[in-house]
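There is one chain below, alone, in structure tokens, taken in the form predicted on its own.
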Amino acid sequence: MKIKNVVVIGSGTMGCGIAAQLCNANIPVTLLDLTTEITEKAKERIFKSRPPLLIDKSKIDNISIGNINDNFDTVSQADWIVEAVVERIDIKHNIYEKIFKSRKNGSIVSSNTSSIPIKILSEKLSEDEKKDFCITHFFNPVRYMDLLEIVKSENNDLEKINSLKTFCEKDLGKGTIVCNDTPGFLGNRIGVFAMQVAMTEAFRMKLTIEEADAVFGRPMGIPKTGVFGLYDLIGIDLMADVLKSFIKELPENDEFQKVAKEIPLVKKLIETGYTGRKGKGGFYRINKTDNKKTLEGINLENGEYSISKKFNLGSERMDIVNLINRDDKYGEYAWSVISKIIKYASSLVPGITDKFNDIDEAMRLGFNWTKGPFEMLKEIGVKNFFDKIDSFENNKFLENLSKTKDENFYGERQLYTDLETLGKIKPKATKIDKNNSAEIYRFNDFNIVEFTTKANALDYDSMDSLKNATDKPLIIINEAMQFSAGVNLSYTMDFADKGDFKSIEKFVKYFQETCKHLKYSKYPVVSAPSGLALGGGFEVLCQSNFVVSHTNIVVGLVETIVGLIPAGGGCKEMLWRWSQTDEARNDPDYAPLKVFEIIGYAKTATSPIEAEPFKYLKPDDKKIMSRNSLLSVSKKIIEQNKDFKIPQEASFQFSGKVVYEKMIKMLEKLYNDKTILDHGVQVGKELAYVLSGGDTTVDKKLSEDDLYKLELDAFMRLIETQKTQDRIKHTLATSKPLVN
């Protein structure tokens, strides 16, 4: 069936998120709650939300609002009715009674519950009503979290469930996995268990919270918050409620029961208001002394706080085999946690799903893990795992695997989707090259470059891979959360600390050469960004021939924040794009002044719709709701451009000193208003000199190489200043800007 109209009942966090995502997909949606005043405020929250729930704020009026007394007749027009009210079964049952009396024949009804089983939700429904009822468990925030679990029952019309899955995948852009009706479904069952194992093992082994978070983080392919940081982020009190729900729903012999037991220190934190970031603090807290903020961490043994010191494990690169083989307590901790997660996840097959790799995908999509438990097992190796593991009684999956010793047990990835994704084709592709920062794959008659560093930050090796992959049509795409957060500042500062500025200059020049090579390559280059595409990441993207953008991007040139200017062609490309406007044809200063404002303020866009007015994206760039479709759309572009013609090189004409003086006046006002300080003025002057064309006049033509040189020279003058180095070091240490 076609879903053309949706009603969402309940305008809390999840109801608002679901309504906003439907709005993003251009699906008319009505949001209902107890009173219209409640839904009016909810609509206002959606509009003002940060990060924004809407891809395009101008579409806010596509969300209609009402209340469940006066406007319930809207249910009769809906193809899908989503219940997202409080987790009280009596309230939900009353809502379902009203829905099924009012709905049109054949419409789908679902609950967004995260914890109540479908058999309890549907216990008062008739057999016919149960056919059309399921759980649609979205993850928060709905726009940004890819996972959607559709929980089915034995009563369901499977054809209808599959049509809902297809709609949610293609129209709403969700990674949609169908699973059985078991406590916690897929993601939360494994994800919360993993958190509890990581926590209880840290207590048992007397690790500090910083040590545990350093191990149960990027080295395991898990987000950098680790376990204690994640506990604080979610809310310690909320996690306690989640655990109580699991304790209640799961049988006594379930391994979850052991790790879900109440921990005295956790109980004390909740009782004293230390519920995490939303409270006075949690395992970590910010302490103010003498107007100075200090991050403190709790001692798991005595409950006292002291200054938190980041623990250096030696490497943040994901390498599970080396991690579990370390001959120290961190290797022991890693193995204990990983082996328990693998044992627990495998013990649930086929109970929660008969496709074990759906569990891996749920952890990727819902918890941002790089690899799920079965991929971890694959990386460790079947023989190595069984040589190391202690016991696995009553675990049919592991018992069978221990007999077959099949190192190739994993099979295909991403079985939950029919779309041709990067994850699906990588195992079939030929690996052409690999270095510390990127990998090159050959698939059919095109190449793929995937960055592999932390936040996909760019360095010399990244550029090498891009340059070496242009012997065929090229797609630049990643499975990781970010396209690229920009140039690796730590890499740059390593040279600066040694006073080796020649190496920095050599790298920036190579970056420029690589970007120019991409733009004027013999074959088409397609960038397919999702997540962050900032600074150098944007410069790679904007000098590709084509762009296929996921709707969830954050894009922009942010170098001025760290006391630098874009030097990989970002200034040049933005000048060229703004020079093509009608205004610029009549006024040579129009483009430089526009770009000066955009780059000077380090403006970013959080969607393709926001990116177009800045000209970060062009109208003909593709904008895709489903991240899983990025590769197939990119492939289609390559297929349509078999007769690709190399673009003509750009040239520029600027007024030089005339427009430079206009920019200086803007800087003086900002300085007098105390918006910027001394170094902000210096950075602004360097940016102004580049964007004005340097020592030029309006009748002189500048080439792209001229602009590249202006960028490079300005970048080098700034990186050699102590104040820019101070900015970079401060940002690397705190993730916050330094104003100096």
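Because the structure is predicted, anything quoted here is derived from the model rather than measured. Numbering starts at 1 and follows the sequence shown.
Although it is not shown, the form predicted together with a small molecule is what the next lines describe.
- With the partner omitted from this view, the residue of 320, 236, 207, 95 that lies near the small molecule in the predicted bound form is 95 [heavy atom within 4.5 Å].
- Checking 25, 728, 719, 14 against the small molecule in the predicted bound form, a heavy atom within 4.5 Å turns up for just one residue: 14.
- Shown alone here, residue 86 lies within 4.5 Å of the small molecule in the predicted bound form, counting heavy atoms only.
- The closest heavy atom approach of residue 33 to the small molecule in the predicted bound form falls within 4.5 Å.
- The small molecule is not drawn, but in the predicted bound form it has a heavy atom within 4.5 Å of residue 113.
- Proximity of residue 138 to the small molecule in the predicted bound form falls within the 4.5 Å heavy atom cutoff.
- For the small molecule in the predicted bound form, the listed stretch (216-224, 429-437, 138-146, 528-536) containing residues with heavy atoms inside 4.5 Å is 138-146.
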